[in-house]
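Quick heads-up: it's one chain on its own, the form predicted on its own, in structure tokens.
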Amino acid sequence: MWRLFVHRILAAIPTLIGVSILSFALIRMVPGDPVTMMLGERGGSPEAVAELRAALGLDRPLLEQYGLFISRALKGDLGQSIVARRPVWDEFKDRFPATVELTVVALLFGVIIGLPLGISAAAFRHTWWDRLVTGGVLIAYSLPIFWWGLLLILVFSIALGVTPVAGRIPMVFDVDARTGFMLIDAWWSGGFEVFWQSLRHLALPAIALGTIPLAAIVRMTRATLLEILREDFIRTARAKGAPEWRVVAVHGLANALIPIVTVIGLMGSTLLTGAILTETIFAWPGIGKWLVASVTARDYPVLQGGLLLICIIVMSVNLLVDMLYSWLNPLVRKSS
């Protein structure tokens, strides 16, 4: 297992280098730069433009700018936001709990709904219920997040008025940000009423973001269970008179957990990147909305440092999933 861990760490180094190069280069291919966005296309004299570019370090050669970014990043300094005038790490740290909270609740929604649906579809295979679940999953998997999110807003927020349109908490509530996780802070600050309001704000973004993981979990659970239920030990359990629910839920599901857990873990890291559209639609103050605003403002340090941090987090989650898979599967543990 430790060999697998070391191998993954060493394999992550070229990936991080590649991400740093892409994040540095791609944003500079977009028309405009921070100076143009700050002064306007016709704002400022040539002397003022040159002075601001020198102050931001944009007058240096690109290779020198990249080398400076990497040397600072290796020391833990990701630069300072051009717009907010704050360190990129502080900006990221303030917004990351909102993204984690949204991701965790969306993943819980997918697991809590997806596992029972996948198990029931496998238990009642080739019936109307199986066809209904698989058909619904196919539709859910094909829905674009931006269209699905807007549809949820139109139905539940505008037409029915049961959920807020955007944000994390009503402005009338003053929540003490102890942890950055609104559900926890709302419970500590105002009890159930504030917690309920924060949960209402979280519901639609979590459903919009969690629909695709739900569909993936249903499909994996159904396919894995159907394969397991054809094994000899399942027929033996049935021949001994075990109830069908026990055959499916205990004997079948216990042996199908490895690929299901793997999919859930990989979906968790995927949701961190997929949250960008969801946070933009629902005005959720997480890192996704922050990065989109930084693209508009051409905030180079935020995009370079933010994308690098996201890459590190996604790779760390994938590493944990690999280690968990190795721990659950003795064959993988022995081979590593």
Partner chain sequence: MRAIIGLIVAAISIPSFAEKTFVYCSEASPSTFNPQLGTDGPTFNASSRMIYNRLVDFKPGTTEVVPSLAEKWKVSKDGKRYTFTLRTDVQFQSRGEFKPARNLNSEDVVFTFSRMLDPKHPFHKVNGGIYEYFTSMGLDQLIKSVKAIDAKTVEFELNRPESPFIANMGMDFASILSAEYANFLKGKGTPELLDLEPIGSGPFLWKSYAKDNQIRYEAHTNYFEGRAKLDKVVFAITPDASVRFQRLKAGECQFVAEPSPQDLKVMKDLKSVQVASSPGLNVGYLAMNVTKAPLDKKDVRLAIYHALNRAAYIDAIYLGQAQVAKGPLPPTMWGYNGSIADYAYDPTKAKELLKKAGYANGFDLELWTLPVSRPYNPSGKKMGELMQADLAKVGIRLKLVTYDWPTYLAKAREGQHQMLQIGWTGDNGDPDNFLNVLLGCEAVAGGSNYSRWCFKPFDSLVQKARVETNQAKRTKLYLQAQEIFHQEVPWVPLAHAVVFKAMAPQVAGYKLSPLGTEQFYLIDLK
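Residue numbers count along the first chain shown, from 1. Under this definition, the rigid core comprises the largest set of C-alpha atoms superposing within 1.5 Å between the forms. Model, not experiment: these values are computed from the prediction.
The form predicted in complex with the partner chain is left out here; the points below concern that form.
With respect to the partner chain in the predicted complex, the three residues Pro46, Gln197 and Thr280 uniformly fall within 4.5 angstroms at the level of their nearest heavy atom. The partner chain is not drawn, but in the predicted complex it has no heavy atom within 4.5 Å of Asp232. Interface residue remark: Phe173 is counted as part of the site for the partner chain in the predicted complex, having a heavy atom within 4.5 Å. Remark: Ala186 does not count among the residues lining the partner chain in the predicted complex, judged by a heavy atom distance of 4.5 Å or less.
The partner chain is not shown here, and in the predicted complex it never comes within 4.5 Å of any heavy atom of His251.
When you look in the predicted complex, the only residue of Pro116, Gly191, Gly167, Gly135 with a non-hydrogen atom within 4.5 Å of the partner chain is Gly167.
Out of the listed residues Met37, Leu26, Leu62, Val292, Met37 is the one that sits within 4.5 Å of the partner chain in the predicted complex by at least one heavy atom. Remark: of stretches 233 to 241, 259 to 267, 210 to 218, 76 to 84, the one touching the partner chain in the predicted complex is 76 to 84 (heavy atom within 4.5 Å). In the predicted complex, the residues of 7 to 34 lying within 4.5 Å of the partner chain by at least one heavy atom are, in order, Pro31, Gly32.
Relative to the superposed rigid core, Ala55 undergoes a CA displacement smaller than 2 Å between this form and the one not shown.
If you fit the rigid core between this form and the one not shown, you'll see the Cα of Leu26 move by 2 angstroms or more.
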